[in-house]
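Here we start with a single chain on its own, the form predicted alone, put down as C-alpha cells.
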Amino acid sequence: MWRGKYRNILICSVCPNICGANCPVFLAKNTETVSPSGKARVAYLYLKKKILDVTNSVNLFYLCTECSACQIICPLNISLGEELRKIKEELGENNLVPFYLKQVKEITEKMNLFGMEYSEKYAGEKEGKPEVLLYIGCSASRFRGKTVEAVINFLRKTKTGFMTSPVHEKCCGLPLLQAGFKKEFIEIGKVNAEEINNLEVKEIITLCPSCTYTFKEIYPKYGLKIKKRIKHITSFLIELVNKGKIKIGKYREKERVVYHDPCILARQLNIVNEPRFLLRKTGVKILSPPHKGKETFCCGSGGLLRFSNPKIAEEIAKKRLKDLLSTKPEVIVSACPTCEETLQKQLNQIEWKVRVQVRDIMEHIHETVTIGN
C-alpha cells in the first residue's frame, strides 16, 4: 500500500513540516495537528487502523482548502490536499463522510451547491451560430450575476456565436469529489460530458477556475472525456486580443487595482500573467500584495472549508483581505466568482467603512472592449 496509492501520505507524515508556513489552515489555527504534516500523520495512523476516535480524525481530513500551497514549497512536489482526497473517497465508500458534508451530495445532485434550485435564469441564451458554450458555474449563477451579465454582453458585443445550457446547468461535480462521493461525482460527470459532447459547439468557456480544472484535468482521470476545447474566460480573452479580434481601451487610467490570484487558476492552470496583461490594457496601476502569482494565498473557501469549518474559513478570508487592503487599492479584481463572493462578504463585515470595490475581471474590462480591425 505504501508504495502505491498512499505513498505520499507516508512521506508527508515523516516530513518536518516544511510547508507549514504556506498552509492557510495552519496559519489560521496555529496548532500542529492541523498542519500538513500533522494531518498526514493522523491519516497514516487512520490507514493503519491505529485510530480509536475515528470521528475526530475524519473531521481533520476536511480541514484543508485544497489550495496546493504546500506543493509550491515541497521539495517532492506533493499536494497534501490531493492525497487527502484519496482518503475522502474511501470515507465515502464506507459511509463515513461527516454528516455536515452529506448535504453536499443531497444538494448538488438536485440544486446549485449553494442551495439555489436549478433554474432557467441563464438557460437558453443564444447568439448567432453557437461555436462557444458558456458554462456559468454554481458560484457565478448564485452570487455574481453582474459577472454573468458582463460576459454575456461581451460575447454579444464581439459578435461571438455562443450559447448557454439549453435547460439548466448541472454542477461540474468537484464538490462531490472533495466531500468523498466518488460514485456520485462520476455519475454527474457522465451526464455533463454527454450533454456537452452532443452540443454543436467547438469549445467551452468557464467563469470558474475550479470548473475549468475539473473538466480539463480531473474528468479524464475518472474516465470522463469532454470532446471540446476547454478554456477559462481569461484564456479566451487573451486569444481574441492576440488574434486582433478585440481591443481593450484605457478607460480606467491610474485606478489603483490589486489582483487576487485564485489558487487553482494560478497553480493548477498556470494562468498568472494573462489577467495582469488584460488589466494593464485598461490603464490601471496594478498593485502587488504580499502573496501573488503561484505564491498566492487562499480566500478560505476552497476544499469545502466553508462547509466543514466556517470559522477557520473566515479567519483565512480575513488574512487574505488584510493582505490585499495593505496595498491601499481602490478595487480588488479577481477571476474566480467564489473568491470574489468570499472577499466581498468579508469586506462587508468590516466595521469601519472601506471604499473598495470587488470586481471580476470581466466586470472590469467588458465596457471598454471594441472589435479589432
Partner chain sequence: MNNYKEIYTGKIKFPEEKKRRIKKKLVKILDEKNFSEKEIDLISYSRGYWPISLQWFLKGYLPSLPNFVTWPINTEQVSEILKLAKEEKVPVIPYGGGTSVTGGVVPLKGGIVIDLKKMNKIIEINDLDLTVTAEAGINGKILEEKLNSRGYTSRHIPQSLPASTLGGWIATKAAGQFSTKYGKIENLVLGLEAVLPNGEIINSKIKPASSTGPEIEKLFLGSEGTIGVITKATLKIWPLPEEKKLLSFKFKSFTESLEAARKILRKGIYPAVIRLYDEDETELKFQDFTEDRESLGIFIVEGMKEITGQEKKAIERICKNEGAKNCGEEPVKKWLNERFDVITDISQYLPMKVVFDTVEVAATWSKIPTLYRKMKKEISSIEGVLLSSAHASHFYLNGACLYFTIGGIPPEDVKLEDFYFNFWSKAMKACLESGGTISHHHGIGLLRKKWLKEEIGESTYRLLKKIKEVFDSSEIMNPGKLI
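Positions refer to the first chain, counted from 1. For clarity, every value in this text was computed on a predicted model and none was experimentally measured.
Form predicted in complex with the partner chain: not shown, discussed below.
**Q** So if I measure heavy atom distances to the partner chain in the predicted bound form, which of the stretches 53 to 61, 338 to 346, 300 to 308, 325 to 333 falls within 4.5 Å?
**A** That would be 53 to 61.
**Q** L27, T31 and L76: each with a heavy atom within 4.5 Å of the partner chain in the predicted bound form?
**A** All three within 4.5 Å in the predicted bound form.
**Q** Indicate whether the partner chain has at least one heavy atom within 4.5 Å of a heavy atom of R41 in the predicted bound form.
**A** Yes, R41 is a contact residue.
**Q** Residue-level question: is I365 within 4.5 Å of the partner chain in the predicted bound form, judged on heavy atoms?
**A** I365: no contact with the partner chain in the predicted bound form.
**Q** Using 4.5 Å between non-hydrogen atoms, is L45 touching the partner chain in the predicted bound form?
**A** Taking the distances in the predicted bound form, the answer for L45 is yes, it comes within 4.5 Å of the partner chain.
**Q** Looking at the partner-bound form in the predicted bound form, is R7 within 4.5 Å of the partner chain by any heavy atom?
**A** The answer is yes: R7 has a heavy atom within 4.5 Å of the partner chain.
**Q** Any residue of 8 to 24 with a heavy atom within 4.5 Å of the partner chain in the predicted bound form counts; write them all down in order.
**A** Going through 8 to 24 in order - heavy atoms within 4.5 Å of the partner chain in the predicted bound form - the hits are L10, I11, S13, V14, C15, P16, N17, I18, A21, N22.
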